[in-house]
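Given next, in C-alpha cells, is a single chain: the form predicted alone.
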Amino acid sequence: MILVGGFGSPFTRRVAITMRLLGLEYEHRPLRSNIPEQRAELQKINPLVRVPALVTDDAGTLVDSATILDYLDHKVGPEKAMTPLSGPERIRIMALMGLAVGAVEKSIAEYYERGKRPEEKYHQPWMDQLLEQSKDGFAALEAEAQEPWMTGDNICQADISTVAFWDFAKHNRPDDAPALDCPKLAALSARANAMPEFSETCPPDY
C-alpha cells in the first residue's frame, strides 16, 4: 500500500499511526498540493488534489481518511480493528471522533484563513468564531475522556484521531487565541507520543 500525504496533515497522520499500530506495511509519499510539481503528481493519484490518499491492491485508491480507516479495520478484522465493526462501542467511538473531527476542522479553517489571506483581508469575527468552536470541541472531548485512554483501558481510534488533531491544533493555534485548557487531552498526547507509532509520525517542527 502507498500512503500519500505529509504528516503535517493531521488526517494523514492518523492514518499513518493506525497502519503502524496495526502492523501494516506501506510506502509513504509525502506529496504536498502547494508545491507545483508535487501537486501535478498528487492530482494523478487523487483528482481532488487532497491528502491523505491510500493506494491499495484490492480496493483502488481511497481518498478520504474516514474511508481509509474503515478499510484498514476491515482488512485486519474485528479482533484488531481500532474501531469495532459493530455494536454500542463502535457508536461510542464514532461519537468521540465526531467531536474530534469537528474541533480540528475549525482549527484548520482558521489556520488557512490566517495563512492564505493577506492580513488586511482577515475577517477577524469569523476567525474568532472558528477558534472558539475549536476550543469548545476539544473541551467537549475533555469532558468525555476517560483514562488512561479515551474509552478506558485500551487504545482505539478515538485516541489516535484525538492525539493527531490535538497536536495540530495546539501547534498551530495563535498565541492570542483563547487557550486550550484540557489537561486530560494534554496527558493523552504526552502518553501517546511516547510511543514510536506516534512520535515517528510527528512533524519535526511540533
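Source: prediction; values computed, not measured. From 1 onward, residues are counted along the sequence shown.
What follows is about the form predicted in complex with a small molecule, which we do not show.
Exactly one listed residue, out of 33, 172, 56, 151, brings a non-hydrogen atom to within 4.5 Å of the small molecule in the predicted bound form: 33. In summary, among the residues 72, 131, 97, 108, the only one with a non-hydrogen atom within 4.5 Å of the small molecule in the predicted bound form is 108. Look at 173-181, 153-161, 47-55, 138-146: in the predicted bound form, residues with non-hydrogen atoms within 4.5 angstroms of the small molecule sit in 47-55. A residue is said to contact a partner when one of its heavy atoms sits within 4.5 Å of a partner heavy atom; residue 112 meets this definition for the small molecule in the predicted bound form. Interface membership of residue 189, defined by any non-hydrogen atom within 4.5 Å of the small molecule in the predicted bound form, is ruled out. Taking non-hydrogen atoms only, residue 41 never approaches the small molecule to within 4.5 angstroms in the predicted bound form. Shown alone here, residue 18 lies farther than 4.5 Å from the small molecule in the predicted bound form, counting heavy atoms only.
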